[in-house]
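As structure tokens, one chain now follows by itself in the form predicted alone.
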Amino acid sequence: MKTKIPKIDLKELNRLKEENFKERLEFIDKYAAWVKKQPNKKWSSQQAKLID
């Protein structure tokens, strides 16, 4: 029995990749702004939770 390979729309895949990249950059900007506004103790404890 042959396995059917799904069609992949490369243009759509590329668009999704670019959209994901932009969303990641926006998140990084927002997170960096948040970190700058918070006391070191607050953001460093949250960072430690994320790492552990």
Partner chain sequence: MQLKYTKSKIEFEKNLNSLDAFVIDFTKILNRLGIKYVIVSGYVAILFGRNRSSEDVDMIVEKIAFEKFKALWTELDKKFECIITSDVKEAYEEYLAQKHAIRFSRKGEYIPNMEIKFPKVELDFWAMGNKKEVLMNENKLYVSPIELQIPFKLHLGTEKDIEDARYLYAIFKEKMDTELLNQFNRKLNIIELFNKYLK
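Positions refer to the first chain, counted from 1. Just so you know, these numbers come straight off a predicted model, no measurement behind them.
Not on display, but discussed next: the form predicted in complex with the partner chain.
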{"query": "Touches the partner chain in the predicted complex: I8 (any heavy atom, 4.5 Å)", "finding": "no"}
{"query": "Contact label in the predicted complex: L13 to the partner chain, heavy atom within 4.5 Å", "finding": "no"}
{"query": "Within 4-35, the residues that have a heavy atom no more than 4.5 Å from the partner chain in the predicted complex", "finding": "K17, E18, F21, R24, L25, E26, I28, D29, Y31, A32, V35"}
